[in-house]
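What follows is one chain in structure tokens, specifically the form predicted alone.
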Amino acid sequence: MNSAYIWIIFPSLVAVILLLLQKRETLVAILATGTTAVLAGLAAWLPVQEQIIFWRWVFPFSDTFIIFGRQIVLSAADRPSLIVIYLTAALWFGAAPLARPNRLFVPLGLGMVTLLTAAIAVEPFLFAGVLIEIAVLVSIPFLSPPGSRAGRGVLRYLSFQTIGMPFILISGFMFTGFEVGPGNQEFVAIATALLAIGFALLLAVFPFHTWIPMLAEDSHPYPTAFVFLLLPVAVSIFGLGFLDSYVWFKSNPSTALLLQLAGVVMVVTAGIWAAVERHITRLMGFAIILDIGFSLIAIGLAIGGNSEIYRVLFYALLLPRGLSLGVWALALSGLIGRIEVLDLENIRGLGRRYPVISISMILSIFCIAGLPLLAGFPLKLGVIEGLSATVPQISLWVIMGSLGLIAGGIRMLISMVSDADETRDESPESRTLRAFLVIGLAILFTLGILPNFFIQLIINLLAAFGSVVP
């Protein structure tokens, strides 16, 4: 028995089977949800040991799988990442029938999950760039269905991710030359610059962020939000693993400062554009850019102060982000076919016609922005406090960026409660859709009201697999 068999090879085979059954969309969604939920449960509860005892049978268990001379290593330290990735996939696939995305979304989405999991686990790390690129290619058919013309957002998304891959590969090849410590400082500077550009392209760091709002505008909101969530999470976890592998690079003060500055720039630019954006789906794109910025700041604080609490905050930020994006994307999916253009002018009076959908979108924006009583507030407050303790001059800019996203949400709220120019006879909200949205919002409020319980749960989870220093 091998960890790669459980979390990479098995779901890959399931994805192929689901691709053959793609016409039976409900069955495919149920099978994918069950598979990913079981894999998330195994990551949480499977004992970390060299053998697994099942009744009278004893199975040897290994964390390392060798293929084509390369190692796929899913150790105990990777278990929290596996839980996050597969639990996210389970929640997304479970609500897919309500969102009615392209029928290729669920099987290819599961394939994308397995490829990104392999990218996190592969050694040497430079091959992760190839796996991430393949995952991006796998996502194209469900972002731009076969037979339709690819939009500008899809093309720019593919272009930026493809351009970023050579930078990761070249820098990875250069870094393998100094495993223990750097030699030629000029050589190190070049490798670091290439690595920074590669990650900036993959994570949509300014000025490489334009593909996110464009893709949000062109494609179905549900699979698009899935890509917005999963790809940055996998790339960020991959980046954390890289930093842990090169201690001399991680301990360099410039590395932490660079990550913090990149995060601040993302938060500020996203907040500015969100404050003036009129298109609802593009606003979702700017919201995810802002949240990725907070994650980069948390990583920078974690390695800069050598404090594991900010690593905990990085993982903790993923749940409110996933829930907010899921609720927002599901609500937007409920408006497809009802409203032709999702801009501020066309959603006038939406609050009266579709109250649950409207409330879901507004609260999702406010949660990502970090409004009090919602799940994002205590976590983002912790990041801002940490930033103010290290670089107080720029912490105010982060607050201004969050206020910009809140301003965008307020503009959308005002439009929703305004009187429509004409009355429309439209079908009511689906009861099942309402139930899913209400459950999602209830969880967002619960996490915001009981943040200590939530954060302690994350700490216990990471500590159980040796990811946090006691």
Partner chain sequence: MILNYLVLPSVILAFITATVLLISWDWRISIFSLGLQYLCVFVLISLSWPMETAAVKVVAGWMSGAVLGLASLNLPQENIKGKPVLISDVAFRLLAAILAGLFAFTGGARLVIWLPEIDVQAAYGATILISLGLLHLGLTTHPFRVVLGLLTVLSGFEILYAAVESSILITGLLAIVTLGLAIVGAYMLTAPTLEEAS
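Only a predicted model underlies this, so the values are computations on that prediction, with no experimental measurement involved. Positions refer to the first chain, counted from 1.
Just so you know, the form predicted in complex with the partner chain exists too; it's not on screen, but the next bit is about it.
Interface residue among 75, 388, 159, 245, judged by heavy atoms within 4.5 Å of the partner chain in the model of the complex: 159. Proximity to the partner chain in the model of the complex, defined as a heavy atom within 4.5 Å, holds among 88, 360, 144, 333 only for 144. When contacts are judged by a 4.5 Å heavy atom cut-off, residue 187 counts as touching the partner chain in the model of the complex. A residue is said to contact a partner when one of its heavy atoms sits within 4.5 Å of a partner heavy atom; residue 393 fails this definition for the partner chain in the model of the complex, lying far away. Looking at residue 275, you'd find every heavy atom of it more than 4.5 angstroms from the partner chain in the model of the complex. Contact annotation for residue 133: at least one heavy atom lies within 4.5 Å of the partner chain in the model of the complex. This chain is displayed without the partner chain, yet in the model of the complex the stretch 166-174 from 166-174, 254-262, 205-213, 374-382 comes within 4.5 Å of it by heavy atoms. Of all the residues from 98-116, those having a non-hydrogen atom no more than 4.5 Å from the partner chain in the model of the complex are 101, 102, 103, 104.
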